[in-house]
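One chain comes next, on its own, written as structure tokens: the form predicted on its own.
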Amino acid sequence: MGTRKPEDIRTVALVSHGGAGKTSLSEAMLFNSGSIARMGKVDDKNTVSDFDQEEHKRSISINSSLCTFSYKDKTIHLIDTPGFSDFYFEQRAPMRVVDSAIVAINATAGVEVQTRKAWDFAEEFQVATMFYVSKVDKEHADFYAALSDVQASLSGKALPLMLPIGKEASFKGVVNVIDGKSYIYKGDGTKDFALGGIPDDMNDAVRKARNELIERVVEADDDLMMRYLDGEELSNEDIEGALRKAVIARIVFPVIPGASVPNIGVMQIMDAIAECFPSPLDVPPRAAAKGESEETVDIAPDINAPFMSLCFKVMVDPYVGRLSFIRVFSGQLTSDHPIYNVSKGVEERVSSFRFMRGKEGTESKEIILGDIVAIPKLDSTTVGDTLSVKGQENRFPEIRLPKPVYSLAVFPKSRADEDKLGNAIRKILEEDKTLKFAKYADTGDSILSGMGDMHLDIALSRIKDRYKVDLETKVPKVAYRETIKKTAKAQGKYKKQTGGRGQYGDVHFELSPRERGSGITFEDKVVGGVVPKNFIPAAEKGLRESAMKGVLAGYPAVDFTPYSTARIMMSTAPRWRLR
């Protein structure tokens, strides 16, 4: 895993709208780094990061997938994320733990809906960002239109570091605007390229792009800025040195064109990751809560500090079992040392750490600052938990979960399915925290809720395939409620005469509306003590029972206050009268 020093670690999230080519890019990077012998394809269902059965069925990414590899003596933790809105939490959670991101832009479509959401995450977590304009080799692809769209819609600080040579089917390479070197590819998927100079018809475009980049880059270095303003000609080495500072400080967002399937421009993206993206030592401290108090402390990226990490994903592997994915923010840890879940107050034994490459993992006995790894069989750990060592009480803020927006009523097809349903639901909820399950007594429905129709369809498919529970679905019943709109009064009488002492009751209520969701609050305003207190609960009980079936359509009546303001008379003579 590279040199295994924090300064040589890069953590990167691949984010975009669905279909922009993230998975193909990650596949090309793995191939170029020598991690895999041949490139897979999404359509062939043989890519490293799309390994789930549901991903193969739909030919889309639905899970965030960690791919760790080495390149130029750097350990790169790359997280390929889904691009569809139903799975946006699988995109947001990784963005919480990485130091940098690549936002893929489809050259044939420009900025799309989920592209904006991905950019919002980059802004929210202030990660260093690069834009990858993908599929430049496709029909109707337009790099310059996509670049203008990014600058207008997302950020004017997005500036090209590379320009494309050719377009659509004639796209064959890229030109570095700083040093003027061109990289010409065969376009057959191999990583080899031929070095050259600036094509004659691109001199003006490269010169303009270089000047725009220099104007922005010098903002990261005061000395360089003064030299530039004094009219001094800056060397390529000066510009490249300041470029990394500018990227880390989010002064510049480099833009690189490419095509992942023919493997054009991908090597230059990998070079930019290694040379321009921040290491864990280059990012600011992370805020954490100090124990149970509201006081906050900064967790500095220090390998000699106490071990601190955050769990951002839990996955159930059919062979290994439960895998908890964590990012290390300080310190280091060996597998012979137990790990302490600060959020749960539980200590657990660690068998090993796994550097993941899709579904495959390479075991390690040690992890350090900046690493992103999976730990098998941590039973208590869930998404958002802080993992440290015994004696530490600092906790990172939990990862905010989205609220479900789509629900289905589910019910088992058979008695056998009913017996296994509880265990299946429990396990699927542990893996996917954006799913919710609840039983509603009002309607008798068992409701499964998630982020959309596709999200629930995949969850039901997993329940069937993994746990052999077949569920049918229907539209949930609506638990309607009734209420009153203005103050009203009501009276109820009870008479019974069977010989001897008779029974007689006369109850008066005044009903007033309350705020939505406030329920029913009973208030006894009988004064003077003229009625024994043991009669009051009976009146309240009768009212609450009546409220269970409203007068309009028989739905429960809610959100009002009944006042017992009038006389209550019960049983025997003498009769009590009260107000």
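So that there is no doubt, residue numbering starts at 1 and follows the sequence shown. Bear in mind the structure is a predicted one, so any value in this text is a computation, not a measurement.
Not pictured, yet referred to below: the form predicted together with a small molecule.
Shown here without its partner, the chain carries S16, D43 and G83, all of which come within 4.5 Å of the small molecule in the predicted complex through at least one heavy atom. Proximity to the small molecule in the predicted complex, taken as a non-hydrogen atom within 4.5 angstroms, holds for one residue of A259, C311, I463, V98, which is A259. Out of the listed residues L511, I520, I36, I60, I60 is the one that sits within 4.5 Å of the small molecule in the predicted complex by at least one heavy atom. By the criterion of a heavy atom within 4.5 Å, D385 is excluded from the residues contacting the small molecule in the predicted complex. Contact annotation: D371 falls outside 4.5 Å of the small molecule in the predicted complex, judged by heavy atom distances.
Although the partner is absent here, D432 is not a contact residue: none of its heavy atoms lies within 4.5 angstroms of the small molecule in the predicted complex. Among heavy atoms of D137, some come within 4.5 Å of the small molecule in the predicted complex. Only one of 119-127, 259-267, 143-151, 186-194 places residue heavy atoms within 4.5 angstroms of the small molecule in the predicted complex, namely 259-267.
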